[in-house]
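Okay, here we've got a single chain as structure tokens, the form predicted on its own, with questions on binding and movement later.
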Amino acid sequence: MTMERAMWIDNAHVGPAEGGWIDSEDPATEEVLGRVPAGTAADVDRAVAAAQTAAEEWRYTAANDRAELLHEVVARSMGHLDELVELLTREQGKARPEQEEEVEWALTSLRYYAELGRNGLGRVIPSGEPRTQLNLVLKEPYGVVGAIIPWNYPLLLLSWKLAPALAAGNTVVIKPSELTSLVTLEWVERCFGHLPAGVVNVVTGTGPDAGEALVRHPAVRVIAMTGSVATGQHIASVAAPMMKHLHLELGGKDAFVVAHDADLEAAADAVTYAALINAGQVCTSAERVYVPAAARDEFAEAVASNVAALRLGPGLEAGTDLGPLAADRFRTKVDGHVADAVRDGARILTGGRAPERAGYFYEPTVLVDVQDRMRIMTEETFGPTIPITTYDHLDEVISRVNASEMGLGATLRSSDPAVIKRFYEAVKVGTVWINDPLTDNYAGPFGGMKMTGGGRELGPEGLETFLETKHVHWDLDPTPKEWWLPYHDGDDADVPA
């Protein structure tokens, strides 16, 4: 039996929308799980109005009270953990252990920002006249935040925006991906319903309809979005005339570099994980692998051996290592990148095809004889591929890593301090992993450089992005100052006519 869910606006169910319904599929079976309303601009207007009204009270709610309300979200989530993980797995597709990690990471984000929100909203700075003046730097919420969330980590990447936005005193209107709206509604309704009405709202629908209306709404002062460069560029062009604050994370084409001193077997294990977690559907996936030329064959064979042993299957099935891709169009893109590379001279060691079974599966694929000019090395693939190429010198590989227009992250496998220092200083990316790829630290900022967008999530920077700065100059002595106008002493005899 399929589920039918309404939108969540002002702590109430709203739907169906005038735009009809959107089906949500299980990507492992291609069966319809349920449907959600195809929200329209009218639904966005209603959600933003509720968020505006709630913002007037929420911004003045004591930070300690907001913290306790966020901790209550975590408590309620723990009470629904099994249901959330199961629905997330069925709707999104990745293996259940990875879904369990996603929910835990999302709750960790809420715990972190619940406490960081108590820490301070500004500072006192030295005044020009310390006896009579007070200077304050205040950090204030913007008001209404529009959060546009992708499908690959729908709860985690929502929490990275929602938790700091709420802790800062903003209210939020969420536009989830059409592919993962069921689990988003489930989480918000069950676990955020104790927050004041209008503080958290969910409008389901497509990007061109609900998403576009959210970006264009004049009362939405912040747009926080994780998605493609093209979508980010469009949002920026729409938001610029209204001077909205943008927080954009626009994907990556991350490099994985095996140094000359690296243990090849351990490096093969690391790259298998870094490239194939969530079937490669991670913005920080290792999508370009560089290994010293002399070590290429040994390393590639170790990687291929690892990959050939992985098990494809539904995420809820015990023993599954890799689930399906989220939709058939994403599988088509991956297959196109692989086919183009092979036509241009690359060679497949393992994988390279869609298995004959239900679901949007694609075999994890290892390629060698890959060239930097190939699409699989320049465009974001977002699938289970490991393209391996070679290099000779450290400065050469750093230059090739930096040649990408993306700048999200990069991984280095090495134990040589000189190599490590040279690498992390020279590469133009937001996160550098040395030996332990794709590990996040909630106190450390996450984001990229160049076309990746430049926003930062996590850490104090993740809270700062949802706060705007105000300087207050307060003189306790209201008497006129000697340096005020007029500059003459009142005798007009010497003043020209």
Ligand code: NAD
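Counting begins at 1, following the sequence as shown. In this text the structure is predicted, and so the values were computed from the model without any measurement.
The same protein also exists as the form predicted in complex with nicotinamide-adenine-dinucleotide (NAD); that form is not shown, yet it is the one meant from here on.
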Heavy atoms within 4.5 Å of nicotinamide-adenine-dinucleotide (NAD) in the predicted complex: which of the stretches 300 to 308, 263 to 271, 378 to 386, 103 to 111 has them? 378 to 386
Identify whether nicotinamide-adenine-dinucleotide (NAD) in the predicted complex is within 4.5 Å of every residue in the set His13, Val173 and Val188, based on non-hydrogen atoms. no
Taking 4.5 Å between heavy atoms as the contact cutoff, choose which of Gly122, Pro97, Gly193, Gly207 touches nicotinamide-adenine-dinucleotide (NAD) in the predicted complex. Gly207
Note: exactly one of Ser159, Asn152, Ser404, Thr365 sits with a heavy atom within 4.5 Å of nicotinamide-adenine-dinucleotide (NAD) in the predicted complex, namely Asn152
Answer for Thr231 alone: is it within 4.5 Å of nicotinamide-adenine-dinucleotide (NAD) in the predicted complex, judged on heavy atom distances? yes
If we define contact as a non-hydrogen atom of the residue within 4.5 angstroms of the partner, is Val144 a contact of nicotinamide-adenine-dinucleotide (NAD) in the predicted complex? no
Using a 4.5 Å heavy atom cut-off, state whether Gly251 contacts nicotinamide-adenine-dinucleotide (NAD) in the predicted complex. yes
Contact between Ser177 and nicotinamide-adenine-dinucleotide (NAD) in the predicted complex at 4.5 Å, heavy atoms? yes
Do any residues of 221 to 243 have a non-hydrogen atom within 4.5 angstroms of nicotinamide-adenine-dinucleotide (NAD) in the predicted complex? If so, which ones, in sequence order? Met225, Thr226, Gly227, Ser228, Thr231, His234, Ile235
